[in-house]
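A lone chain, given as C-alpha cells: the form predicted alone.
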Amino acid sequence: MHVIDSHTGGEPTRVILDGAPDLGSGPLAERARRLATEHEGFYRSIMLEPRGQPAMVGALLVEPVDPSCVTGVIYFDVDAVLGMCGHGTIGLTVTLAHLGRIGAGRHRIETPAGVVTVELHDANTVTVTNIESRRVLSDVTLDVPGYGAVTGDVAYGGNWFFIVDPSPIPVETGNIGQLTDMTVAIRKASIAQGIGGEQGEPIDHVIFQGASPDPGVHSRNFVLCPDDNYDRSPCGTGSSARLACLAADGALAPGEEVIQHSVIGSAYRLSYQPGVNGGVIPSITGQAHIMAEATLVFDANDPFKEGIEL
C-alpha cells in the first residue's frame, strides 16, 4: 500500500494512493458508509500503532462523482469515518501538488459532506473553502458526570461539534491531560442526553475556546477528535463550526479575517461569507508539509498486522 504522510500544523494526514478495498461507485457518502461498516479492520490497521500514530487521519483517494473535481476523498481516524476533514484537505492538496497532479490555483475536491474548493498558493500553503456550516443549538447545558453543568453550542462544520466558550480550563499545553478528560466526558454526556444534530447525529468532536496570550490572535482552541486524541492543528471543520457560531452571535463580520491558534500554537487564518441556507461558507488557510513516502506492508505472520488493540 503506497502512502504519503504530511502534517498540517502538527496534525498528521496519511494519503492512501493504492491498496484499498473496492468501495464500489455511487455517492461518496454511501461509499464512506461501506468503509465504516464493511472495512473497519482495514482503516483501523492503517491508523493504529505500530503502523500509525496518535491523532493521524487517513485520506483514501476515490473516484469523484462530480467530474469537475480533481479527486474524491474519504477521511477517517482510528475510531470513525469522517464526513470532512479540514487539516486533511490541506494536507491532501499539498500531497497532490507534490505528486504533480495539480498546480497552483483553485481546484475542487469531493468529500462525503460535499464538494469543497481548495486554492494552492505555494508548495505548502492552502486555502480551503468548506461546505456551508451552521449553528444548530446555542447555550445548551449538559449535566456532565464529575464536572457538573457545562454550557455550549452545537454546530456543524462537516463534523458535529459541542463548543464551549470560554474554556473552563486554560487552553495550555500543560493542561492537555485535563482538557482531554473533560472533553471526553462532555462528548459522552451529549450522546447520553441526546444532544446533537437536527436528525439525531451524535457529537463527535468537542471544542474548548480560550484566550490567546499572543497579540493579534483571536483565540486558542483545544479540539477533541473521535479517537480521544486532541487536534494538533486548530481543526478545519471545528474552525468552520466556530465561524458559524461567531456569525450567529454577530461577533464577526463577513470577510473579516481572524487568526485561530491550536493548543500547541499552530495557526489558521479564518473568515467567512454568508451561505445560501442561513449558515456560513468558511475559508480556512493553513500550511502542510510532506513528511514521508512509504509502502505499508501487511505481513501475514505479523502478530500486530491489524494494529495494537488496547
Ligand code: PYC
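Model, not experiment: these values are computed from the prediction. Position 1 is the first residue in the sequence shown; the rest follow in order.
Keep in mind the form predicted together with the named molecule is missing from the figure; the text below concerns it.
Screening 179, 116, 92, 82 for any heavy atom within 4.5 Å of the named molecule in the model of the complex leaves a single hit, 82. Residue-level contacts in the model of the complex: of 225, 126, 186, 73, one residue has a heavy atom within 4.5 Å of the named molecule, and it is 225. With the named molecule left out of view, the stretch that reaches within 4.5 Å of it through heavy atoms in the model of the complex is, among 210-218, 103-111, 235-243, 195-203, 235-243. Within 4.5 Å of some heavy atom of the named molecule in the model of the complex lies at least one heavy atom of residue 86. Heavy atoms of residue 263 never reach within 4.5 Å of the named molecule in the model of the complex, leaving it off the interface. Mapping the unseen interface onto this chain, residue 59 falls outside it, with no heavy atom inside 4.5 Å of the named molecule in the model of the complex. Under a 4.5 angstroms non-hydrogen atom cutoff, the named molecule in the model of the complex has residue 159 among its neighbouring residues.
Shown here without the named molecule, the chain has only 11 in 1-30 lying with a heavy atom within 4.5 Å of that partner in the model of the complex.
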